[in-house]
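This document opens with one chain alone, in structure tokens, the form predicted alone.
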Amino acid sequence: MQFFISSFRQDWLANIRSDLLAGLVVALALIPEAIAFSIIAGVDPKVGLYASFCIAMVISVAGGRPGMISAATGAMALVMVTLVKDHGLQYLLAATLLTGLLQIIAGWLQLGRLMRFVSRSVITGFVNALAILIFMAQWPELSDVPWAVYALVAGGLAIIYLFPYLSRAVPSPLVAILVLTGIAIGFDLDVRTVGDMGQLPDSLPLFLLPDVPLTVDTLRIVLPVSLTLAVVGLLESMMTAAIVDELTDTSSNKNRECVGQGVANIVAGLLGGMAGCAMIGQSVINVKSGGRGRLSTLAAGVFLLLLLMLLGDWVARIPMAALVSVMIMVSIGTFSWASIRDLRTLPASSSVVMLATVAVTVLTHDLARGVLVGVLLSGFFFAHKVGMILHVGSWASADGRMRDYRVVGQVFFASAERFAAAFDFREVIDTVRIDVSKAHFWDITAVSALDKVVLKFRREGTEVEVIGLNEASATLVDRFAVHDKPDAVEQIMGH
């Protein structure tokens, strides 16, 4: 009970003022993004806005990472395009519900632990790619626009970076939004506003089940999309959680986050919203604005709802240039500039993984593909590096009738060929002793290589003794090896 009270105070009451102000900044930044992502998905702006405030409020309680913002995202919207185009909104809502269910199952299966296999280079590449994509997403607001837009963006960036020198009582992005909105309204500037992106909702969402037939055909339509949404959403959420962990020097519960994302998406689907996940840009805004606890995430959702319901006319007049300046700040702050400086000093394999992750993500606009390429490359380089750490030494007895081999290192699919090539099968001797006490056999490829060595020596009439197998290796060899089975030579060598 004492632990629960302490945890509640830390997550909800330890940083009330900063959490509330940060939540307000995030809510303002969520509006245009939610509208833009709705347009990408081919649905009404209300769908993205309803999803954003639903997911933010639910994840504040159910999620495993305090201070992280979840809502409708571009990565998820891109997956929905074909489904919405071919089957309509109701099937999207059904897919959203199934996505949530799949994510809850992933959390129960503790798939959050798979983040252990994501290397530091992949995370850095993910962060850099996301920073580039965030900046690129602002480009339409900076192309073929009046000079006033550039002036407002420059002014907004100046306020964001200089205002903290005057005071840190109020987040500088919030100050920038308020000042630029006042300037745009006061001087009646002809610039694009939030209201120009789409009609803001003026009523609360209704609780409704998707109007789709409960048939196998419906499942066949929505399941592939739901699987993709679940994977993309969890991947982006887990990566974002890792980044926020580092920014705040705290830890998160990845499995609880999986379940929380699932619950939030189910609620969003029942209230007419699209599936969403964690947002790196808004999460960084939240952290940079002082948000640390769950209250900041809840405040973002509540303020978003209040802004839409009570101040929709004023919110619609916020110039997009103000939000562009905030997102440029996020892009600059998100990018790991040290990774560019370290390209010359880090191992070449690490640099290749980071650059490949960035390139694939930016070229495809798909974070999942970029991370997958990075993880695969990391695995390849690791296997190659460990595979090279293998030494096989030998020495002959004084009478030349016996040779001792000593194996040191890891024997698995990447080093099995080197292991087998280290033995001299043409030497005429009576006995060979292979000491593997300093080695470990990891897979059936390694066991097959040991079979090959032993059976080749036996075919030449040489007795072979394998000594020193550790318990794990011995278990694997006993189960899969054939050199100690009857007729082993005939089984393997075909004789």
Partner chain sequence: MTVDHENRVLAAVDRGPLAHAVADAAIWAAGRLARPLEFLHVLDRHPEQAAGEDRSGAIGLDAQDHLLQALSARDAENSRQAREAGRLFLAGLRARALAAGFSRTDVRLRHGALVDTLLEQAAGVDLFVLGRGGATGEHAQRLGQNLASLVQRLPQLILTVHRDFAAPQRCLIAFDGSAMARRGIEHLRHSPLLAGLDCHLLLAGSPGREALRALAQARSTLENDGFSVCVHQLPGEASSQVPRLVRDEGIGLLAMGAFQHAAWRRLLLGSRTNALLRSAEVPTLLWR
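Numbering follows the first chain given and starts at 1. Note that the rigid core is defined as the largest set of C-alphas that superpose within 1.5 Å between two forms. If you're wondering where the values come from, they're calculated on a predicted model, not measured in any experiment.
The form predicted in complex with its partner chain is left out here; the points below concern that form.
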query = Mind checking whether each of Ala22, Ile160 and Asp249 has a heavy atom within 4.5 Å of its partner chain in the predicted complex?
reply = yes
ask   = Within 4.5 Å of its partner chain in the predicted complex, heavy atoms considered, which of Phe207, Phe187, Phe117, Trp337?
value = Trp337
remark   = The one option of Leu367, Val411, Ile285, Ala322 with any heavy atom within 4.5 Å of its partner chain in the predicted complex is Ile285
inquiry  = Given the stretches 68 to 76, 94 to 102, 166 to 174, 135 to 143, which is the single one in contact with its partner chain in the predicted complex, using a heavy atom cutoff of 4.5 Å?
reply    = 166 to 174
Contact label in the predicted complex: Gly301 to its partner chain, heavy atom within 4.5 Å = no
ask   = Taking heavy atoms only, is Ala474 within 4.5 angstroms of its partner chain in the predicted complex?
value = no
ask   = Counting only non-hydrogen atoms and a 4.5 angstroms cut-off, does Gly269 reach its partner chain in the predicted complex?
value = no
task = Report whether the minimum heavy atom distance between Gly333 and its partner chain in the predicted complex is within 4.5 Å.
result = yes
query = Looking at its partner chain in the predicted complex, which residues in 230 to 244 have at least one heavy atom within 4.5 Å of it?
reply = Ile243
request  = Align on the rigid core first; then say whether the Cα of Ser325 has moved by at least 2 Å between the shown form and the other one.
outcome  = yes
ask   = By the 2 angstroms cut-off, has the C-alpha of Pro164 moved between the shown form and the other one once the rigid core is superposed?
value = yes
key: Core-superposed C-alpha of Leu271 shifting 2 Å or more between the shown form and the other one   = no
message = Just to spell it out: taking the C-alpha atom of Leu174 and the C-alpha atom of Phe37, is that distance smaller or larger in the predicted complex than in the structure shown here, given it changes by 3 Å or more?
response = closer
message = Can you confirm the direction of the Cα distance change for Val287 and Ser331 in the predicted complex, closer or farther than in this form, given it is 3 Å or more?
response = farther
